[in-house]
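Quick heads-up: it's one chain on its own, the form predicted on its own, in structure tokens.
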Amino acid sequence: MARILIAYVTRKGSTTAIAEAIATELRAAGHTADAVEIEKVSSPKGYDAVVIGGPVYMGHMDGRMGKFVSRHYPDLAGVPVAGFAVGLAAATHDPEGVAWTEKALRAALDPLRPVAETVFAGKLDPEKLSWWQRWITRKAKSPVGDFRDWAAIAAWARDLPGKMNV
């Protein structure tokens, strides 16, 4: 079985839970799966495949994803890579917002060519936001709540080994 790294960025914890859910599904399939915050990954060497994910804020992926790809490109280019983005566009079923999120995800992973990409709905908890972020959220009329679809996350994770040929 394969050794798979799920390297992720999180700001408020929503992406952590998604990365852990992906790792749980991969482990259930018999793989070794490590969900690790990007800042704590010293190297993706030794992994047979890598999943990279993070949140979208104001239409942009967290910059730490792109830095991770740049720093580790030689190692990442030699293994199958998948990517996921977490944001509210998927929660509102806004096709333009989802397309924008997909574009931001591809840009963050460039020049890698992922074998699988997806956008998951996230969670917005006003209690975890600064007063400025709460003001922006109200002004933009952003949906508030937990919109993560655990069944969709699990299904995507179960399909990964086949897409990654591991």
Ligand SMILES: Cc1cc2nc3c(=O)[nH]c(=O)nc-3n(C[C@H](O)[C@H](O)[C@H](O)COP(=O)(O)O)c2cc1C
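All of these numbers come straight from a predicted model, not from anything done at the bench. Residue numbers run from 1 along the displayed sequence.
The following text describes the form predicted in complex with this ligand, which does not appear among the structures shown.
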| property | result |
| --- | --- |
| Contact test in the predicted complex: residue 83 vs this ligand, heavy atoms, 4.5 Å | no |
| In the predicted complex, residue 112 touching this ligand (heavy atom, 4.5 Å) | no |
| is_contact(residue 158, this ligand) in the predicted complex, heavy atom dist at most 4.5 Å | no |
| Contact flag, residue 32 vs this ligand in the predicted complex, heavy atom cut 4.5 Å | no |
| Stretch in contact, per heavy atom within 4.5 angstroms of this ligand in the predicted complex, of 24 to 32, 66 to 74, 103 to 111, 49 to 57 | 49 to 57 |
| Residues of stretch 102 to 133 in contact with this ligand in the predicted complex (4.5 Å, non-hydrogen atom) | 122, 123, 124, 129, 133 |
